[in-house]
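Here we start with a single chain on its own, the form predicted alone, put down as structure tokens.
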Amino acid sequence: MSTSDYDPACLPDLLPIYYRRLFPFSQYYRWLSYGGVSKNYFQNREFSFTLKDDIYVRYQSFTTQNELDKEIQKMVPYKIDIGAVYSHRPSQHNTVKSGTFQALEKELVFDIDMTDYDDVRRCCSAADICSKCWTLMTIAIRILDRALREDFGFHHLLWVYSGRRGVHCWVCDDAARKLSVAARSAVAEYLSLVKGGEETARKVVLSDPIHPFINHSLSVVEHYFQQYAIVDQDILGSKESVDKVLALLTSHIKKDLTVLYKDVKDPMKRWDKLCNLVECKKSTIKKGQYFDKEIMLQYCYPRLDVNVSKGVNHLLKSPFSVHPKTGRISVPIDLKELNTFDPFEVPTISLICEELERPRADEAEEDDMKDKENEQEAGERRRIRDYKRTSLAKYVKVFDRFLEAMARSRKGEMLKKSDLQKDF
């Protein structure tokens, strides 16, 4: 279903149905409780809601899943953001002595937005995306996921499509949630390569020897670069785009290529000429021996919003929130199917609400009997039954697998601790 089938004017009618029948509250609560890691962990978490007409409500907090469920159904937020776990209940922050209300923990988060690539993509700009430039998000996930797992040793990474033009990463390991602002900044800086604003032409500068992390990143970029940059974005096609690439080179390489490009029109051959020339000039250039690699990284390397990652109290859009402009659900991404993930295939709220209304032949009467036994359990059972009948099901399944892996890891840690205590 394309976004054109979604009408933002219908959102006030669709959201109550979505929150009542489809939002995965049980898994959501399970995620943010972290197995009851500490007594007040969930109730000290900040949620913020953006309501109709852009009314913004911060410092919401809830004691139980039931309370969260009821409040969201009552307030019907257009957008949900998740903040830090605080020293006190966020809803009572005004009653706490000044200076004692502190953000203590939060997942290490990353926000990659397609608008930050506007200087290097030709197919779209601003909030628009297409299958050509979506490759940039695939590259970003591949590079950052490997680095966070292998270079930093994190295990529990939840990658989420924002619902419009980007992706978010939630690093949920215990060690990641406890990181200080300085440590978060250090991780974000380590992962940042593209530096400088609009006035800076050459945004990636490599030094010799190339750091192993950059080599790993280059191997990812090289896999996608020719199809993405040379073919799809045609960066060596028009004079304007060629000039942009040549601006990243020293004057004598630039001069030689300008002459060569008069006879060579094919973009792929032009790229080969550039690489060969850089290779030939390596012995004569003290700096800039990696121009070809710098160009690849400048055009394809992930562009992080470092400020989102640095702050413990920074809010980030919640998974399973609905994007009001596109109507798409902010869904977890299955990395096993990353190359085939299509943001335009992500269900809209109008589609899943429509799927709910389709007649079903297998509605069991016994469920209705059970439903009368316990209102909360019945509501939960109905919700599971409902979302399984929609396109949302496969994304909730990805979330379930993520939660199961965290639970297994927690269990392993507890067994290790008990074995250590027995040794004493």
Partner chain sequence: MQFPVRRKKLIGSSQNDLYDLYDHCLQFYGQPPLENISLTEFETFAVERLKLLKFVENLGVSFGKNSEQYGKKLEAEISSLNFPHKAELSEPKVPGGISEYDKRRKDHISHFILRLAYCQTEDLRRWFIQQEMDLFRYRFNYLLSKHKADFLHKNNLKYETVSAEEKKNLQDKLIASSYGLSGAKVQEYDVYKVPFQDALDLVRTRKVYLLAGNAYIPHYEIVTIVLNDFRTRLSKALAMTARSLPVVQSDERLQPLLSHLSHAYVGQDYSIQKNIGKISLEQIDALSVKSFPLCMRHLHKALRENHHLRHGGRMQYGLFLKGIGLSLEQALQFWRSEFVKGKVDADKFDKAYAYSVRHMFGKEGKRTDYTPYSCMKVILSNPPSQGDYHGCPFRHSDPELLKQKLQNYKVSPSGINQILELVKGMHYQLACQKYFELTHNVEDAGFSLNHPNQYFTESHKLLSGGRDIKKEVDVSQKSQENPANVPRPSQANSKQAHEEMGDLDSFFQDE
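Being a predicted model, the structure only gives us computed values, none of them experimental. Residue numbers count along the first chain shown, from 1.
Beyond the structure shown, there is the form predicted in complex with its partner chain, which is absent from this document and is the topic of what follows.
For residue 150, is any heavy atom within 4.5 Å of its partner chain in the predicted bound form, or not? Flag for residue 150 set to yes.
Taking any heavy atom pair closer than or equal to 4.5 Å as contact, tell me whether residue 211 reaches its partner chain in the predicted bound form. Taking the distances in the predicted bound form, the answer for residue 211 is yes, it comes within 4.5 Å of its partner chain.
Is residue 186 one of the residues lying within 4.5 Å of its partner chain in the predicted bound form, judged by heavy atom distances? It does: once its partner chain is placed as it appears in the predicted bound form, residue 186 has a heavy atom within 4.5 Å of it.
4.5 Å heavy atom contact, residue 303 to its partner chain in the predicted bound form: Yes - in the predicted bound form, heavy atoms of residue 303 and its partner chain come within 4.5 Å of each other.
Heavy atoms, 4.5 Å, its partner chain in the predicted bound form: which of 275-283, 198-206, 250-258, 74-82 makes the cut? Say which one. Single hit among the candidates: 198-206.
Within 4.5 Å, heavy atoms only, which of 128, 354, 292, 116 is in contact with its partner chain in the predicted bound form? Contact with its partner chain in the predicted bound form is made by 116 alone.
So which of 238, 227, 307, 339 reaches within 4.5 angstroms of its partner chain in the predicted bound form, heavy atom to heavy atom? If I apply the 4.5 Å criterion carefully, the residue I get is 307.
Considering only 32-57, what residues come within 4.5 Å of its partner chain in the predicted bound form, judged by heavy atoms? Going through 32-57 in order - heavy atoms within 4.5 Å of its partner chain in the predicted bound form - the hits are 53, 54.
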